Ligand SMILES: Cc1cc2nc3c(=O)[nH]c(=O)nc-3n(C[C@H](O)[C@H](O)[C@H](O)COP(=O)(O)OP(=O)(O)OC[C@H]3O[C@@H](n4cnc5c(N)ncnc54)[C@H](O)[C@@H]3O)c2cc1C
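Below sits a lone chain in structure tokens, taken as the form predicted alone.
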Amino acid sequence: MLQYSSMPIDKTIETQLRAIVGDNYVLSSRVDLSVYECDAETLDIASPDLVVLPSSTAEVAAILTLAYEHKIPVSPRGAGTGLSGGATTVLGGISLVLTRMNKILSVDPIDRVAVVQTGVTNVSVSEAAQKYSLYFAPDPSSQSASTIGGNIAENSGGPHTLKYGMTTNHVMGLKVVLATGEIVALGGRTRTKEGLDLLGVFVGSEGTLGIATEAVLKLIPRPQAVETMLAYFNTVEQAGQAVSDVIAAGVVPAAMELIDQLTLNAVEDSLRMGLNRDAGALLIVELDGPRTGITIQRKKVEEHISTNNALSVEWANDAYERAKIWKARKSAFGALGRIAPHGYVLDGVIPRSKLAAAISEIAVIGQKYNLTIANVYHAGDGNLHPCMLYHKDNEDEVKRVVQAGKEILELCVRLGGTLSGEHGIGIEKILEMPSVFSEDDLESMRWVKQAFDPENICNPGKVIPAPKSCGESGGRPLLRHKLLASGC
């Protein structure tokens, strides 16, 4: 394993980087670097030595060639909306920020593909395809800001994952710069079955195998009809059971989203939408597709919502009312800032049938550690987003957050689930990887990493735990390791 120096990057290398991208696009002042010391997972902080902002694949290749020659770690970054510390430079080096690479290169309505640079925002792809009645299906809550490169790195999902799948289901090809600076193509404009599926290996690899600079994305037609429902329940458990019953009845909604009373009231405080503050839970169900099929599905949904004692059911009458309902959901995490300045969002997955049990046990864990936990769920596919609210200047509270998070992830695994549905492993869950994978499994992952990146240049210290160690030398100390007394 490569041993990194803890010394700053040499000034001659900084000069060479400035020659590649321009003086204005290499940042080195302490103030500038502080902006890039973490992503949206703000518990873990590690400052890069330099921030470099390329504008083309050629510039990315030149940067990686230089970094490889001098054994400098490179951590790719998009908009910094990730929630697992995937963009945090835990071993220092270069934070390679791709937000200048924000061009939509083409939209082909015949083949239904878009070719984009990976610094474009998720929502901009759908906006560009809208005139052809097409769109890009993955829709993380951060879609107005998050970049396609970040979506690819984390294999992002979103509310509509239930029906349309993850980012990997909508990426057809990539242009990738490897650690050596070599530029390769994975996949293309058509899905091929020949050889190994290296594209499938790359999507979700969190920047550890190389850096994607362009993507060929699959676009899909906008549905003929959309129906969006908002239902209130006395308890989260009742709402969770309704979700299980709807799916068991053979209905596959486009989305099923659930938020608890604490979150509901935070959203109402923020947006003043007229939400029912007394309800224990709010459930959003969206159906889309042919109009006739939706009519049948709507009846089944209403039946199972009623069976589980919904307090009330409201269907949106038009696109404006649908957008209002979704604003309540997508504003949830931001609204929680009214309760506490910091939030630690988990991303565990459990079988849908265990949803009610998971909800109850998470509440017990919150009580055990005396923490306020707000709950938002992609309930249809069992993806839990409990958000522990805390104050970062209270070290005891932070320690309880880290311990509770570990127990919630252990709960997900114990119930037959796994560590992440869409946020990735990053540095947040790396110590929990052995709870899901054997040492042989992890060693196989290291072999794949080594095949792509033999010197461990690309986003080191992420996803795969280093054998018999908490990290490579030269690593920045992380608060979570200190609090867990892991020896790092």
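Counting begins at 1, following the sequence as shown. Just so it is clear, the model here is predicted, and its values are computed rather than measured.
FYI, the form predicted in complex with the ligand isn't displayed, but the following is about it.
Classify residue 378 as contacting or not contacting the ligand in the predicted bound form by the rule of any non-hydrogen atom within 4.5 angstroms, answering yes or no.
Yes - in the predicted bound form, heavy atoms of residue 378 and the ligand come within 4.5 Å of each other.
Applying a 4.5 Å heavy atom distance criterion, does residue 89 contact the ligand in the predicted bound form?
No, residue 89 stays farther than 4.5 Å from the ligand in the predicted bound form.
Taking heavy atoms and a 4.5 Å cut-off, does residue 206 contact the ligand in the predicted bound form?
Judged by the heavy-atom cut-off of 4.5 Å, residue 206 is in contact with the ligand in the predicted bound form.
Any non-hydrogen atom of residue 382 within 4.5 angstroms of the ligand in the predicted bound form:
No, no contact at 4.5 Å.
226, 286 and 297 - do all three of these have some heavy atom no more than 4.5 Å from the ligand in the predicted bound form?
Not a single listed residue reaches the ligand in the predicted bound form, so no.
Heavy atoms, 4.5 Å, the ligand in the predicted bound form: which of 240 to 248, 358 to 366, 138 to 146, 103 to 111 makes the cut? Say which one.
Answer to the contact question: 138 to 146.
Quick one: of 256, 215, 83, 282, which gets a non-hydrogen atom within 4.5 angstroms of the ligand in the predicted bound form?
Contact check passes for 83.
So which of 432, 422, 44, 49 gets a non-hydrogen atom within 4.5 Å of the ligand in the predicted bound form?
When the ligand is considered in the predicted bound form, the option within 4.5 Å is 422.
Across 312 to 344, which residues bring a heavy atom to within 4.5 Å of the ligand in the predicted bound form?
Contacting residue: only 333.
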